[in-house]
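Presented as structure tokens, the chain that follows is alone, the form predicted alone.
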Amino acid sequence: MLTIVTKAALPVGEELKIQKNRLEPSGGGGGKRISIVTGIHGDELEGQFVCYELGRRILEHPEYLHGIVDIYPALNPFGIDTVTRGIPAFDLDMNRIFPGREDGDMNEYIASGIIRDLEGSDLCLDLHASNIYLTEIPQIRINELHRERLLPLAKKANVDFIWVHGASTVLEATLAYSLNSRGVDTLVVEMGVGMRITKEYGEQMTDGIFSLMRELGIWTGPVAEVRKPIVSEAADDVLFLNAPCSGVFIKDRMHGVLLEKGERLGRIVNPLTGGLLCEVKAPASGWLFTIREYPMVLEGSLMARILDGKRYAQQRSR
């Protein structure tokens, strides 16, 4: 059932509408509720395929559904329509205005309506892609303040990596922070790359959502076996690799591989002269989970994130 979550009047008789699709058992409501939200950033499109695939699979076997599934594919519809990260014309990141205010401006009012509609969910997944510059393996990022509640759920979500980060890095105006602070368990998913859909990641994440639905008693049908994720909880687990020079990046390695210290991830070249400007090498041994996708780089640009090799080995030995 398609419903309007919240709306606001626009000039010339138009309306800004945030919509959702509610899927529930044929007998009506009851049971637990999971909410899938995406499209906060208009240039992050990976979640669009997940919303489609989730709805398609449920409609294919409605007899297995024993709870409520709410799908919110476009929290920032103008951003998606224009492939713009923020809200067009306002130069505003939507994920910096939650929980919003009913008596605020239009964007704050819309944000408050979204929060109001999501309250009462037993679990919410906030699906993001990376930006156009980086590509990420499917991962969940958790604020350490909510670790005890969220980590067991994240382990059932079929992602490759769970990154528990410090409270000092948390932005309190995000959707996830606002919902978790209100007692709605919310997992933030990052995967793929901006402005693209990576079908294999979408299918992997959809399998993970069905696993979580099975855990909540919302779904009684068969589910795929989930992956055992790598979990990072220490601040010094992750190494950040920045570009040593400016130029065009030619990538040699894909994310998800193990690297040795000094191993080359790619080259930065000069297309005018045909010369090699510098090599991008791993500063330490480890597991590559983020890699530069956009080839034009400036000195200091983020090129990769690498999980410490010892931490990776400890996780895999368990």
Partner chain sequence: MEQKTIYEFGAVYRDTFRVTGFYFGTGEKTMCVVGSMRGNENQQMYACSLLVKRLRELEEKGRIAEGKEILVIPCVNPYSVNVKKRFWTIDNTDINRMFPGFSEGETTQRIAGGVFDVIKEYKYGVQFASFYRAGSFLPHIRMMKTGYENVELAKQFGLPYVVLHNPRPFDTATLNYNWQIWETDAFSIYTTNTERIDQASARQAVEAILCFLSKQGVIRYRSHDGYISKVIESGDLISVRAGAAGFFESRVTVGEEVVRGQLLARIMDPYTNEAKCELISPVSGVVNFLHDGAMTYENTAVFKIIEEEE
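These figures come from a predicted structure and were not determined experimentally. Positions refer to the first chain, counted from 1.
The following text describes the form predicted in complex with its partner chain, which does not appear among the structures shown.
You can rule out all but one of 190-198, 89-97, 146-154, 212-220: in the predicted complex, only 89-97 has residues with a heavy atom within 4.5 Å of its partner chain. Contact with its partner chain in the predicted complex, defined as a heavy atom within 4.5 Å, holds for exactly one of G27, P62, P271, G262, namely P271. Out of the listed residues G113, P77, G104, G120, G104 is the one that sits within 4.5 Å of its partner chain in the predicted complex by at least one heavy atom.
Contact annotation for L277: at least one heavy atom lies within 4.5 Å of its partner chain in the predicted complex.
Contact check for I230: every heavy atom lies farther than 4.5 Å from its partner chain in the predicted complex. A residue is said to contact a partner when one of its heavy atoms sits within 4.5 Å of a partner heavy atom; D308 fails this definition for its partner chain in the predicted complex, lying far away. Proximity of P73 to its partner chain in the predicted complex falls outside the 4.5 Å heavy atom cutoff. The partner is not shown here, but in the predicted complex the stretch 221-242 reaches within 4.5 angstroms of its partner chain through a heavy atom at N242 alone.
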